[in-house]
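The chain below stands alone, shown as structure tokens; this is the form predicted on its own.
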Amino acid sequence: MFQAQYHTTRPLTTAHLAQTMTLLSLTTEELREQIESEISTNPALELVEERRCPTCHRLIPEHGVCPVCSIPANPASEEPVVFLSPRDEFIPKKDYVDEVVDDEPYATEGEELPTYVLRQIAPDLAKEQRGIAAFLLTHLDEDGFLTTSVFEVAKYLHVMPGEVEKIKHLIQRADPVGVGSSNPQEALLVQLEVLGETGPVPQLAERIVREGMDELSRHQYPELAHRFGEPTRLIVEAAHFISENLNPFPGRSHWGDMRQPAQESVQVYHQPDVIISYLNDDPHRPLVVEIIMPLNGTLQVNPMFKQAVHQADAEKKLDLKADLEKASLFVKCLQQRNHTMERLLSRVVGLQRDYILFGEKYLRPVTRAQISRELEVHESTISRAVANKAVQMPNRRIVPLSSFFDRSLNVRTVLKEIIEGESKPYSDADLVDLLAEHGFEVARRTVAKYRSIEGILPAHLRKAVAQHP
């Protein structure tokens, strides 16, 4: 489908921004349905049946991709070749729909937050502690906060408050970090503590959360600097770190499969939104990134309709003009959506080239916030562009686009390899040392969390399984 590139330095109108964000969050199939719906309901829109390149607008052969846009300007460069590509038979559909699909469910039921957390911490709980953990988790609200106190739980279950506190501490360090806290401040402090185990945290971040939440929420940085006797620059740096890395409402964050139920399973049986391949099937050449467009042809405002607006009487002109403006807005928003996807994938694929070529252990720690700063767009724009999208890798494996931002995937991959190769079960403390040898500095509790996420039993249970297969 053809859309001319739409570049502007003017602020987007509210309607333009809202519709662009909506289109940006759609998968290829959802976008196709949306385009077809707009064409069927708006006479000012038309789809010209011709096979043109969506990027350079040249007529292209009946089969295949654009012979111009799919070739790098500099074959010696490692920069990826990113272009829009009309959906066609070059997508090997057999890879996405298998004969056994009918015998299997397309998606599993979404997992509730309490179940998701309990599954992570269960291997580290003694038998008598599981009931306490389950009781705590059934008292989570939609934000992930406890609706009861440790003392009330201890009194109800006839156990010591210290025992309840110990299990609450374990829950708070599961994914999403901070779940099971009593309030946003406590959740932020837990997240700071966990982040401090794996990387640097601004010195003032904890103090700001403990003592300056009101000023922080109102961006009163000079007032905080005066109170703490610190330079405003350090306050701003700490506040930026907090806004970029912490979530005061952990239950609202993206975790497990709940927000996108069984997303990866569904994508196995559907066409990807993006196809990454090697230029001329040579891994040493630039990567080719095709952003799949859902239709062949040129989507445009019908020129005959424009004439009809001018010739219509006053009574009909308002209605026709509204259709014309709506059609023009939709085309512009679609152009903006495509432009954003091209910029995003060009940057992300360039950063994650080693991950694409060599596997998960080579994934670089990249965040949506980092990409949003580089592209000078809001972080929510990147989140919408990434959400629900699937990418076909050069080895034909389909993965979520969100995996390119999974900061723990490389560590978890190495962790699995270490455990798969163990002659006798390593303790979590042993795994900390072994991961350090691979260049990953993580705390023991972080190893336990990653082990739980990957469904790997603790050392004593792995030993028991090995002795009694």
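Counting begins at 1, following the sequence as shown. All of these numbers come straight from a predicted model, not from anything done at the bench.
Beyond the structure shown, there is the form predicted in complex with the DNA, which is absent from this document and is the topic of what follows.
Open item on the list: Taking the DNA as it sits in the predicted bound form, is residue 368 near enough to touch it, meaning that at least one heavy atom pair lies within 4.5 angstroms?
Closed with: Flag for residue 368 set to yes.
Open item on the list: Taking any heavy atom pair closer than or equal to 4.5 Å as contact, tell me whether residue 446 reaches the DNA in the predicted bound form.
Closed with: Answer yes; at least one heavy atom of residue 446 falls within 4.5 Å of the DNA in the predicted bound form.
Open item on the list: Under a 4.5 Å heavy atom criterion, is residue 34 part of the interface with the DNA in the predicted bound form?
Closed with: Because no heavy atom of residue 34 falls inside 4.5 Å of the DNA in the predicted bound form, the answer is no.
Open item on the list: So, residue 408 and the DNA: in the predicted bound form, are they within 4.5 Å at any heavy atom pair?
Closed with: Yes, contact at 4.5 Å.
Open item on the list: Partner absent here, but in the predicted bound form, which of 438 to 446, 413 to 421, 22 to 30, 40 to 48 has residues with a heavy atom within 4.5 Å of the DNA?
Closed with: Only one stretch passes the 4.5 Å heavy-atom test: 438 to 446.
- [ ] Just give me the single entry in 374, 163, 223, 379 that has a non-hydrogen atom within 4.5 angstroms of the DNA in the predicted bound form.
- [x] Answer to the contact question: 379.
Open item on the list: So the DNA isn't shown here. In the predicted bound form, which residue out of 383, 129, 340, 346 has a non-hydrogen atom within 4.5 Å of it?
Closed with: Result of the distance check: 383.
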